[in-house]
Structure formats: C-alpha cells, structure tokens
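In the form predicted alone, a lone chain appears below as structure tokens.
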C-alpha cells in the first residue's frame, strides 16, 4: 500500500492548488475516514481512505481521461509561450491534473483529441503495435478515386521514403473522403493524400478506436471519459478486422 501526502492527493483530484490546499486542510475542512486532518503532509492511503471536503465525499482517481473537440488554430501541446494550447481551453481545476494530449493533431486540424495523465494508456493508444484505428474526415483539392483507395490499402511510400502501414480510404464525393490509419507519423494523413495528388484543404478527426467524437461538445468543448469509453478506445483494432 503506497501512502501519499494528503495535499498531493487533493491536488490530483483537482480540488485546488497545493498552496491553496494547505489553508483548506489546516482550516479543518478535510476529513480522512471520518477524522479531521489538519496536516497537509499527513500520508494517507489515497485509494483506500474515505475523503471528505466540507462534508462532501471525494472519490480519488489517480488517472483522468477526457475527450476534447479540438478547434483549428490551437496547438496540441502542454504549453507554448506564444500560441494557445489545448490545455489553455481547460478550467484551472483540470489544468492542475497534469494532463497532456494523447498524440497530436496539427494546429489546423480539428476534432477528437484525448487528454489524460496516464502515460501507459497514452502509449498504448499511440503505438502502431496496438492496431488502434484513427479516422479522419478530409476535404481535398480534387476527387479521390479507386486507384487512390488501392494505393492506401497497399501501404503508401511517401516522397521521403517513409513507409506507411496499410490504411483505409473511403470516397464520399465532392472532394470529401474518410481516411483510417493505425499510426501517427508527422502530418501523416496530409502527406498521404498529397502523395496521391489530393492535397488537404480541411481535416477533422472523427474517432479513435471505437470512440466517436461527441459533436455536441462544440469547438473547445470537452467531457470526462468513463470506463466504457476507455474500452471503446482500446476495442477497435487493425483495419479490415
């Protein structure tokens, strides 16, 4: 059983900053297993203890997971001194959770972006070995055809020699198509479509694994994911299966 400082546990819950929590705890507002604790440094069993703040029960969760509808024009990084990032779109209590994007969407790409503080989960989602599909809606200059579909299915070789895994391409008409990949090379979807002479005009990620973007969120909107959502992310595997 690993013990953790009380103020760190509450900080990981997004209750307040560590400095604010010291005052909250010393003010007698926190109970652990029904007993008031006033020492921020007190070590507790975070997962096994019953925590309350001002009489309200708190549920400790070490890892947190969110879906965001990333808007175009925002960076998929944790911080940047000059440009807005996806974390800048979150309220303070969530920014304190040390969240980070699971992979990246280009600045001008919108759609489903996962945020978490669980490194193992992020690695599993990103790794091509997991076979987790990511689907994008692209608007291109030109009209994809069956020859392009076959080229994607065979695995494109990009201009710099980069070998792409087999990918899905579904032609929707009017310059629109769905692209499904299992890896996240630099600007991959844009480079693949450019390689077949169909440069991308707009790009939006619709799904990761079996988890589909909640379109009701709106640009910059987000929601927490539950266990069912996480199962969906990890459920869909290789293209064609």
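Numbering follows the first chain given and starts at 1. Remember, it's a predicted structure, so these values are computed and weren't measured experimentally.
The next section is about a form of this same protein that is not shown, the form predicted in complex with a small molecule.
S.K.: Since the chain is shown here on its own, which stretch among 159 to 167, 82 to 90, 104 to 112, 144 to 152 would lie within 4.5 Å of the small molecule in the predicted bound form, judged by heavy atoms?
M.R.: The contacting stretch is 104 to 112.
S.K.: Does at least one non-hydrogen atom of residue 207 fall within 4.5 angstroms of the small molecule in the predicted bound form?
M.R.: Output for residue 207 is no: heavy atoms all beyond 4.5 Å of the small molecule.
S.K.: Quick check on residue 190: any heavy atom within 4.5 Å of the small molecule in the predicted bound form?
M.R.: Heavy-atom contact with the small molecule at 4.5 Å: present for residue 190.
S.K.: Would residue 46 count as a contact of the small molecule in the predicted bound form, using a 4.5 angstroms cut-off between non-hydrogen atoms?
M.R.: Heavy-atom contact with the small molecule at 4.5 Å: absent for residue 46.
S.K.: Given that the partner is absent here, does residue 203 sit within 4.5 Å of the small molecule in the predicted bound form, heavy atoms only?
M.R.: Within the cut-off, so yes.
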